[in-house]
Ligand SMILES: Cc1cc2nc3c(=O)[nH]c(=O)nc-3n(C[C@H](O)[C@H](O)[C@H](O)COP(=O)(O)OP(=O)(O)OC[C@H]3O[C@@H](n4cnc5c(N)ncnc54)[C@H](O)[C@@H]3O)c2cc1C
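Next comes just one chain, in structure tokens: the form predicted on its own.
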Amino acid sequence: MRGIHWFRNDLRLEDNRSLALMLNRVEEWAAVFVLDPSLVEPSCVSEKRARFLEDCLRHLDTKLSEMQIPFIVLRGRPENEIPRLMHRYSVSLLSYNESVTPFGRRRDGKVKRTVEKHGRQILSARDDVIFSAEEIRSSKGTPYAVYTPYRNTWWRRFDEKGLSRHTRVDRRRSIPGVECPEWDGISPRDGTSGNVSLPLGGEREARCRLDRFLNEDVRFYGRDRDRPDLDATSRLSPYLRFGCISIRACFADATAAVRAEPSLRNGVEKWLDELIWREFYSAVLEDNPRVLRENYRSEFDSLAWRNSASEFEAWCTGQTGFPLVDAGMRQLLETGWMHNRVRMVVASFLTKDLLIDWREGERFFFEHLIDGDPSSNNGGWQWAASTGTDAQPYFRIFNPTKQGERWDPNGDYVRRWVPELRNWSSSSVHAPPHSERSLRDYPEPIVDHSERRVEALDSFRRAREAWRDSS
């Protein structure tokens, strides 16, 4: 039997569930990736994410070439290209790892119907998480709406089931005569980020980063993870987003590190909790596809967003006059990444200080983040906006100045990304005196945080009261 594995967000050979299952059933195989115009055109994906994805694909191509397995990169609609490819090479079995996004489900459904219509088989598996949504349920069998009880059940399930990994891809024969057309990158780009140092893509780089993190930074992760001025996080999010490393490998290696050196336990456990947040947001999207368009908590559907175009533009370009917010947005624009603590601050600022709809921020982040993932991006934005799965009521509003003073105490992060403030002292860099801002060509704050905090609390309160009155 011949098989083809359709790579998507699983750009690796080790511990790839559906690929391993397929290889147990076929004698000959090939691999394919489809450049779907709806996902890879410049209007859909930032140049930085496109460059990272291209790097991942080229590294995967190299590994497959070493195994003498053809890797076919096609451009077009998967529902057209894949059945045509299977027919051309008399392939009986197609494998792929499942998606939970509405777009992914529609795409996979089209491919599945066309392939099975012609008498061929589909083999699919869930690979991007350890547990799917239906595997983590409350005692009543319902989905969790808050992280902490989800986390507790997740860990109980993990302790009961453990990890099941598929670590080796054997050297099955390739399908003879397969043509692999040359491809010249993902799509024409504008070259605006050509000089930006982006992370290297691929499975080997992901493995190196995980090893380096577990050997060095994880020890103090619990203490330093919220410090944007320190390089104290794993930086694995782009690799998990594109599946260059499996979530199971992260858990297996982290728990092995603790067994070898128990003093790492606190840092490792805190890091693994952050990975469970990723599973939680995936489960929320799997159970509630509507959250990509709607508030998770419908009580805020009538919230009166201000949606000021000028204030949104200032936020997008890092010109708000709040140094930590501006540093984060400029880091995002230049590198395609932002520290997680700063993500929370800039999201709170947009939705609470500016009262701009979280969907605007979610869209902007997804367009620019290399690690832009639909479920995590949506979950984080709705958490910050208090429209999502946050256990705390809507009155959580970050003070951007105090957040900067606490988590960037010496101002090193702000100075790096806001050069206008590079020569300012640690005591003033997070709250530059108004009299000196013009001398540094740095803008005045576009809003008064204290005033906007009161306005936001009133807006959220009135929306909830209106919802209660109508219920």
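Note that residue numbering begins at 1 and tracks the sequence as displayed. Because the structure is a prediction, the values reported are computed rather than measured.
There is another form of the same protein, the form predicted together with the named molecule; it is not shown, and what comes next is about it.
Checking 258-266, 343-351, 103-111, 296-304 against the named molecule in the predicted complex, the stretch whose residues place heavy atoms within 4.5 Å of it is 343-351. Interface residue remark: residue 373 is counted as part of the site for the named molecule in the predicted complex, having a heavy atom within 4.5 Å. Taking non-hydrogen atoms only, residue 274 approaches the named molecule to within 4.5 angstroms in the predicted complex.
Though the partner is left out of this view, residue 377 does reach within 4.5 Å of the named molecule in the predicted complex, counting heavy atoms only. Using a 4.5 angstroms limit between non-hydrogen atoms, residue 281 touches the named molecule in the predicted complex. Of the candidates 97, 331, 233, 386, 233 is the one whose heavy atoms come within 4.5 Å of the named molecule in the predicted complex; the others do not. Checking 91, 73, 338, 397 for any heavy atom within 4.5 Å of the named molecule in the predicted complex turns up a single hit: 338. No residue of the trio 29, 53 and 183 has any heavy atom within 4.5 Å of the named molecule in the predicted complex.
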